[in-house]
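Just one chain follows, in the form predicted alone, and it is written as structure tokens.
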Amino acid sequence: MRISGNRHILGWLLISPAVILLVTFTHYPSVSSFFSSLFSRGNPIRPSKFVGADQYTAMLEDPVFWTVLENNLIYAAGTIPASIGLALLMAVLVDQMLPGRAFLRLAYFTPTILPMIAVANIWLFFYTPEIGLLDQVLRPLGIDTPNWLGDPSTALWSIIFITIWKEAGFFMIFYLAALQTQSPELKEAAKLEGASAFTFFRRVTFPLLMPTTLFVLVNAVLNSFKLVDHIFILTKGGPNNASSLILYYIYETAFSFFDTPYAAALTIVLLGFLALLAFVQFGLLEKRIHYR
């Protein structure tokens, strides 16, 4: 009995650092944000008071909220499939015995190790009208270029392209690690059976990569709802909120307009939405995944 009790104490001691960090930086801020969202915005003359669900009612009538939510859904739909597909393609490519394979892997992974602010400044140079790299390359070819970050029809897609460029290399590392754990005997057996390379990939390689795909998908979904850095440097959400995403709107509401109760309500809605997505991902997709 004493040995069993000591093991329980040791177990709790081992997980206590993680539990303390999780409660301090995740659970407590979430609960605190929820209670903050139930109060009005206060000032020195009129202190905040309990308003119940008024912040959430105001959110439903806020046209900017619906605009940034739509932008975020477009951003997620534009970045997640493209970055995962490109990462898988790059991983399969650099898993082959190619000349200069190490250099190619480094080239693919380099965007990931660059700081977010540095990446935004690099692409700001590319997108700048008249003197930017894109204008310098395309205009001599007779191609008219828009104001990439100043045009509402191209601002969000310009940011989507940057995200795909940066995240594909990061996700490639996970796919490459998974590919290198697969037994070469599987490929040899498929060759003996006369299976083509595409058939082998579709029937053997890709199903074995499904656990990695689920992990990458969860990360991609989370990343698609937490972008602030690039928007702050490149567009500041403009023009006319055309490139603003929901987390940047929360940041603006809290630190530019100092409306912390409304920002807290936006945060709670975002957390609920992400929890719903996580439930769908783990509850439905994981049943279709086979772990070895």
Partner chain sequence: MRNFIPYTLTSFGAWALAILWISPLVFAFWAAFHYSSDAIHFDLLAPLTFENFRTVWEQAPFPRYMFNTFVLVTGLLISQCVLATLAAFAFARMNFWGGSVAFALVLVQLMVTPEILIVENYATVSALGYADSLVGIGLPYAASAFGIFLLRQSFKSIPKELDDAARMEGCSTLGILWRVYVPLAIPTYLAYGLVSISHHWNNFLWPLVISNSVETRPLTVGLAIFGAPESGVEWSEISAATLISIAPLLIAFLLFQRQFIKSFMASGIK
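Under this definition, the rigid core comprises the largest set of C-alpha atoms superposing within 1.5 Å between the forms. Positions refer to the first chain, counted from 1. Only a predicted model underlies this, so the values are computations on that prediction, with no experimental measurement involved.
The same protein also has a form predicted in complex with its partner chain, omitted here; what follows describes it.
Heavy atoms of P81 never reach within 4.5 Å of its partner chain in the model of the complex, leaving it off the interface. The closest non-hydrogen atom of L176 lies within 4.5 Å of its partner chain in the model of the complex. At the 4.5 Å threshold, heavy atoms of T267 reach its partner chain in the model of the complex. Interface residue remark: I233 is counted as part of the site for its partner chain in the model of the complex, having a heavy atom within 4.5 Å.
Think of it this way: in the model of the complex, its partner chain has a heavy atom of just one of A220, I164, L156, L209 within 4.5 Å, and the residue is I164. Note on the interface: of 250-258, 237-245, 41-49, 58-66, the segment with non-hydrogen atoms within 4.5 angstroms of its partner chain in the model of the complex is 250-258. Residues of 117-154 lying near its partner chain in the model of the complex, listed in sequence order, are I117, A118, N121, I122, W123, F125, F126, I131, L133, Q136, the criterion being any heavy atom within 4.5 Å. Once the rigid core is overlaid between the shown form and the other one, G11 counts among the residues whose Cα shifts by 2 Å or more. A displacement of 2 angstroms or greater separates the C-alpha positions of L21 between the shown form and the other one, with the rigid core held in common.
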